[in-house]
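In structure tokens, one chain follows: the form predicted on its own.
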Amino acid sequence: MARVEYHRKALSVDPLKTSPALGGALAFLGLDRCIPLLHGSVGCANFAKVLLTRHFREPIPLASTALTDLGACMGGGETALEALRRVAAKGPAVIGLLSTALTETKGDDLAATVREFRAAFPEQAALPVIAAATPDFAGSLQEGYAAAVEAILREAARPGERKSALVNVLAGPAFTPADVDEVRAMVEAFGLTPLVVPDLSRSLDGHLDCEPAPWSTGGTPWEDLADAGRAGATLVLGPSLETAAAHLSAACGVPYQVFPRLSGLGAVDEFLGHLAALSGRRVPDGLRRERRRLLDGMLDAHFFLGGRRAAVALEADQLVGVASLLTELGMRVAGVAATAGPGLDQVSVDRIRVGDLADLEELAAEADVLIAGSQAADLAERLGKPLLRWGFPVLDRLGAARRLNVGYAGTLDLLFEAANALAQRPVEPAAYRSPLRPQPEEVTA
């Protein structure tokens, strides 16, 4: 198992962490007709909006309470109420209210703000306003995302008569819109009905709307979320969402199963086996053929990946998935996680450090390839090593939202991409010396 290192530095050099408020906004964007509202300064929302827009190449509906320095000192309650009124006037189906470091440090109570909003504007009493605490000083993107998902389920899910064919799919931030589409297809192949929470595959999948809208277009409808408490089971994709699933289980009695990753032969086998047990059906022939393709691809990729070294810097959930897959193919992996997420100590890698990109540079000294977001591009160029852009944000390449990483097909794509990146950096000839044949410099006159 991995040895997780926690370095307490006086400062972060070239940070890897991303704002939890951005992660919370990303989760709310998976709901249909939702407007995320950040309670903080304009800069907090603008920074998140720029990163999301550049990564997904889509217009991102994101609002701010535009708190000023005076409002922060005297209390931002009135500012938040006015912002909620203005956002509600646009006609969304749901508002996601997110805190920032500024308002959390001040001690603003978002739950109280929502109650005051309903009392002050009774005509908007039926509009769902979901409050989630996502301060920048607590965690990274995946922690903010998980907080928003838990808040959504707490507010929306209702217990009731069990619908055995309905399956909740809690898709973590490590899963791209294309990944969620693939998971949905796998669940439906067994005759089950997936309820994806949140569903980025319908909102941030790159579709072109005829008319611009001030809210998310697509995603899970708010009225469908009540059925989350009546589902037959919950599939948790990513360790960071287990807390949300545990709350749903305690409140509504829905059993859950956590899948730390859906890339890799054994991981996908386990997931499909669970679906087969839930549905009482055998694995479809199409998926069986995809499995055989993956086996053949693993044999091909092994000659490029076996014995090579990778340095990986990602969010904790993503690091668990990518590092586990690469070690299965014989690679040596050292990783840097943005935060100390669950499951890090269960990965069979050389080292894992919770830190920043300065830590990645230290661990990358002997690496053949770097795997990280676009923020590591300068580092890779300085070290003269190939960079496989992964995770969030990917700002200098197209198609990040359509990258498929899960299932047999996604695993095969990932392996080929890693192998092709290494093919551009050939192994030194000395690595292939045969102990049975003397090398030219070893032959004496």
Partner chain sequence: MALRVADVLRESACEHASVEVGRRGCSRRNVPGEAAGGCAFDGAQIVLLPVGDAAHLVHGPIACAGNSWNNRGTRSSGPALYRRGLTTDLTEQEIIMGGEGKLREAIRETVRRLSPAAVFVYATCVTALTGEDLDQVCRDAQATLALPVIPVHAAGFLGKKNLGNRLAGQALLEHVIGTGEPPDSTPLDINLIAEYNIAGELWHVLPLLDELGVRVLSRVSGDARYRELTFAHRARLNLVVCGRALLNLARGMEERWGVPYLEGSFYGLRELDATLKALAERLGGAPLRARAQALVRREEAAAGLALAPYRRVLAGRRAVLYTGGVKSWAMVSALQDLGLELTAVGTNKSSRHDVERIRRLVGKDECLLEDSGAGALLAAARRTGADILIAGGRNQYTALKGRLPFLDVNQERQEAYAGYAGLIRLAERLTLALENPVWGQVGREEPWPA
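Positions refer to the first chain, counted from 1. Just so you know, these numbers come straight off a predicted model, no measurement behind them.
If you look for the form predicted together with its partner chain, you will not find it shown, but the lines that follow are about it.
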Legend entry - Heavy atom within 4.5 Å of its partner chain in the predicted complex - residue from 207, 154, 288, 281: 207
Legend entry - Among the candidates 139, 92, 264, 239, the residue which, in the predicted complex, approaches its partner chain to within 4.5 Å (heavy atoms): 139
Inset, instruction - Spell out, yes or no, whether the shortest heavy atom distance between residue 195 and its partner chain in the predicted complex is within 4.5 Å. - result: no
Inset, instruction - With heavy atoms only and a cut-off of 4.5 Å, decide whether residue 399 touches its partner chain in the predicted complex. - result: no
Inset, instruction - Could you confirm whether residue 346 comes within 4.5 Å of its partner chain in the predicted complex, counting heavy atoms only? - result: no
Inset, instruction - Although its partner chain is absent from this view, report whether residue 320 comes within 4.5 Å of it in the predicted complex, heavy atoms only. - result: no
Legend entry - Location of its partner chain contact in the predicted complex, chosen stretch of 271 to 279, 370 to 378, 219 to 227, 176 to 184 [non-hydrogen atom, 4.5 Å]: 370 to 378
Inset, instruction - Quick one: name the residues from 8 to 23 with any non-hydrogen atom within 4.5 angstroms of its partner chain in the predicted complex. - result: 8, 9, 10, 11, 12, 13, 14, 15, 17, 18, 19, 20, 22
